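As a starting point, one isolated chain is supplied in structure tokens, in the form predicted alone.
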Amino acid sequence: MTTARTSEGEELIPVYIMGKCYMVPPSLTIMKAMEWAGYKLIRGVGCRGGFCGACATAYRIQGDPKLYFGLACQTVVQPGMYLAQLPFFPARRASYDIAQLEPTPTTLFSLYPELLRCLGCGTCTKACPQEIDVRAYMAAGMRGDIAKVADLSFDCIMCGLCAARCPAEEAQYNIAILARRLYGRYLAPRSRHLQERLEEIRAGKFDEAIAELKSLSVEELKARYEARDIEPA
């Protein structure tokens, strides 16, 4: 039996997309494998760099009962992988004006009362492709610790996989971004250097330098960029 290979000699592996088997190179991500198979991706695709969370994907491996989760642009295919991309699905998002809120536990509980329904089961943590301990930040939210929620959820990319698996029907990622907004506006320490720089900008200290840069050609800008001082790693 002849093994299927790419033109470069790479042996192909079977993956199942929406129930149909395709032979694809093993070095591809899920997203690239779907495109290799002929799918034109017009939804569920965003940055392609693992930052936007648009390509949330659930998959199983043949012979393995476990349900896995990942981002299609980052997860590399495996033999016998069964894929199912998850389009956007409704998850409750509270409406609010951050400027009218107070950074208190009452704000969290009034806008997201379902926060207090958390069962602590951990399915949200298991579903997170960023390996965030979602259960831990939800526990912090139930304690009203806004700063802790903001810290633990910092790497959240809002893909929604946590909410997809939650038996208490919570939107963990929406609760987390509220906490980060409250923390950033009201609780985070203010940078004195940033404030000083903003005041200098408003005073016009850099107007002449900016005007000079805007007058340069693309080639001159590239030369300036290449010759810039770079801090050592």
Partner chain sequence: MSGYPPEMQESIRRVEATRARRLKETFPAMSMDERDEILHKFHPDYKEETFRAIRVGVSKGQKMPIELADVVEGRPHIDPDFDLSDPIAETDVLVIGGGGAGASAALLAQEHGAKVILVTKLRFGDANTMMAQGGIQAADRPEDSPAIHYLDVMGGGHFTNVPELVEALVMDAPFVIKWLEDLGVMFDKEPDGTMVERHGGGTSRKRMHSARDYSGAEIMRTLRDEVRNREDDIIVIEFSPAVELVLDDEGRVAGAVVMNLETGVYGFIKAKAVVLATGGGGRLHYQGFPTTNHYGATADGVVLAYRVGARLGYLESMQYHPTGAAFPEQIVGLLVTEKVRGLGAQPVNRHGEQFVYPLEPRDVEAAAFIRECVERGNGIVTPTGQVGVWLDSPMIDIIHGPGTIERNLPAMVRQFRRFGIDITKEPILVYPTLHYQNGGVRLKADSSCDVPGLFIAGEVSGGVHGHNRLMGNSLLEITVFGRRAGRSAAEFAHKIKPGKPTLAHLERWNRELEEAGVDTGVVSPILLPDYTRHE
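Numbering follows the first chain given and starts at 1. On a predicted model such as this, the values are computed, not experimentally measured, just so you know.
Not pictured, yet referred to below: the form predicted together with the partner chain.
Exercise. Look at the stretches 116-124, 136-144, 67-75, 102-110 and give the one with heavy atoms within 4.5 Å of the partner chain in the predicted complex.
Key: So the stretch in question is 67-75.
Quiz item: G184: heavy atom within 4.5 Å of the partner chain in the predicted complex?
Solution: Looking in the predicted complex, residue contacts with the partner chain include G184, since a heavy atom lies within 4.5 Å.
Quiz item: Is K20 one of the residues lying within 4.5 Å of the partner chain in the predicted complex, judged by heavy atom distances?
Solution: No, no contact at 4.5 Å.
Exercise. Look up in the predicted complex whether R92 has a non-hydrogen atom within 4.5 angstroms of the partner chain, and give yes or no.
Key: Result no; R92 lies far from the partner chain in the predicted complex.
Exercise. Consider S27 of the chain shown here, and say whether it contacts the partner chain in the predicted complex, taking contact as heavy atoms within 4.5 Å.
Key: Yes, contact at 4.5 Å.
Exercise. Quick one: name the residues from 102-137 with any non-hydrogen atom within 4.5 angstroms of the partner chain in the predicted complex.
Key: Heavy-atom contacts within 4.5 Å come from P129, Q130, E131.
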